[in-house]
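Here you get one chain, nothing else, as structure tokens; it is the form predicted on its own.
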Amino acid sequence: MVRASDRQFALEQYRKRAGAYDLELAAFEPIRRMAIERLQLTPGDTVLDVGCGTGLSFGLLQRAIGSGGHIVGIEQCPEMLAKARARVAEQGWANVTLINSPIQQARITRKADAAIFHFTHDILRDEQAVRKVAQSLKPGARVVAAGLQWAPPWAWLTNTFVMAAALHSVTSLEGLGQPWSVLSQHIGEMDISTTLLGGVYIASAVVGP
């Protein structure tokens, strides 16, 4: 599985997971909350939810940005985005724009105050996708990424978990040592913390001028 990220493989992978995706990620909700807290969102902010999946982050983002803010959710898998669209309709959120497209081809029409990459390893390892997001951010925007990473070699039990989770959710193991490294090249130095015995990271940074 040490191959370049395969978009078609990823689409099939997430089509199969769409029905159970929310349940699968339930155990990682505390990490989602920590990641969104690091965005330091304020009312009126525009935030990019990169690889938004079924929209699991929307509720927490809405609480932070209020009705005057805006969420732009980008997701290439139609089945996942259909779940996100149903969530938006059910909640009556009028300030969410959903884009069904690979990040590289997404038409982002407004500069954002923040961006979140939550368990989106394949996107984070794609130079073109990361560049597209970076170009869509205002100076001073906050960026947070969270996801799986290799723990130290001696933590074999943790790395067994990381391997099992990665085989289920990513198309390539490339970059699991430092999943944020491509993002750091475009955004700048990142503050890194780890949880779950080193198997999950949260990386954050502020876009420079």
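Since this is a predicted model, take the numbers as computed values, not measurements. So that there is no doubt, residue numbering starts at 1 and follows the sequence shown.
Another form, the form predicted in complex with a small molecule, is not on view; read the next lines as being about it.
In the predicted complex, the small molecule sits within 4.5 Å of a heavy atom of residue 76. For residue 52, a non-hydrogen atom is located within 4.5 Å of the small molecule in the predicted complex, even though that partner is not displayed. The small molecule is not drawn, but in the predicted complex it has no heavy atom within 4.5 Å of residue 142. Although the partner is absent here, residue 32 lies within 4.5 Å of the small molecule in the predicted complex, judged by heavy atoms. Residues within 4.5 angstroms of the small molecule in the predicted complex, judged by any non-hydrogen atom, belong to 68-76 and to none of the other stretches in 107-115, 88-96, 68-76, 134-142.
Site annotation in the predicted complex: the residue of 162, 41, 56, 173 reaching within 4.5 Å of the small molecule with a heavy atom is 56.
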